[in-house]
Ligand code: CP
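Listed next as structure tokens is one chain, alone, in the form predicted alone.
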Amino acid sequence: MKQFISANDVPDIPALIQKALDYKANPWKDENLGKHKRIGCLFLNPSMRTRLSTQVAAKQLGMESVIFNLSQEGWALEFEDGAIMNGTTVEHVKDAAPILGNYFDILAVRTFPSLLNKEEDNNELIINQFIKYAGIPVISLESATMHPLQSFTDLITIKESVAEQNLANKKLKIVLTWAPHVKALPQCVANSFAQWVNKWGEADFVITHPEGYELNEEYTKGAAIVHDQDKALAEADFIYVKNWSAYNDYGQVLSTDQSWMLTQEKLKKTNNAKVMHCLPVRRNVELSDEVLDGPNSLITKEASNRVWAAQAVIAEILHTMANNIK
């Protein structure tokens, strides 16, 4: 694996899931794999779980991690090629990225969409410019359209829970449900979860949301789209809860219908479904306390598994780098 930007960079998802679970069982088994190597983690937006889990994962592989909050500590970067820099940007990515490529062996980048310009966000200008100019492997810690480490973590968590619940002999039903929120949020997590579940191909996959919240079909193709949440939840084994703003009416909040919040009563329609959310979560807006604090919640396990997802991805890239050197 040369980079990690989406599910399309992973040739064998089940094998990578197993690699992550192997690290969970034995975190230090490859503690010298990254010896004398550095990963630079560049944050253009805030992070807690992504930042900390990546640092822990790198440490367990023997790597040094260096964190830089570009939005707070660095010069304002320009990303457009050919830009006349007579405004607020101070340094061009084509000047900064090659230097980062010399400082580090792997570069991890986190950025968000503007939610103002659909074309610009869909083109993934920022992360693609780092890939173009850094000259080293790039890991997405979230981008304008995708959050691959989160979605990989989600599949690890589902796989682990399937074994614990003795569900291995049945076809799973996984539901991604929209939830209300107080502000416009990106489609990144929903896009990414849809892409990964579809590529994984081991479940019946349903996406449910109010009309107008259709996601980009590039990511949802293969899933059943249902606008009746109760119907979608029937006999579900796993429910992934997430808000996103509109894609067609880009970045707009079209509904704040609180009836879409997942409650314990709604879980009665399911196959005692386990509930997932990427965090942070607006309690009693997106998800009720009774669900989040109840026996069906996987949020703590899910967030904790971020370490093993990051460790498996970094290790795969390190192995690829070593093989290329040989």
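Just count from 1 along the sequence shown to find any residue number. None of the values given here were measured: they were computed from a predicted structure.
The form predicted in complex with the named molecule is left out here; the points below concern that form.
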#### Entry: Contact residue in the model of the complex, chosen from Gln55, Asn271, Ser297, Ser47 - any heavy atom within 4.5 Å of the named molecule
Ser47
## Note on the structure
Checking Leu267, Cys278, Leu287, Leu42 against the named molecule in the model of the complex, the residue with a non-hydrogen atom inside 4.5 angstroms turns out to be Cys278
#### Entry: Stretch in contact, per heavy atom within 4.5 angstroms of the named molecule in the model of the complex, of 255-263, 47-55, 62-70, 32-40
47-55
### Task
With heavy atoms only and a cut-off of 4.5 Å, decide whether Gln150 touches the named molecule in the model of the complex.
yes
### Query
Is any part of 283-306 within 4.5 angstroms of the named molecule in the model of the complex by a non-hydrogen atom, and which residues would that be?
Arg306
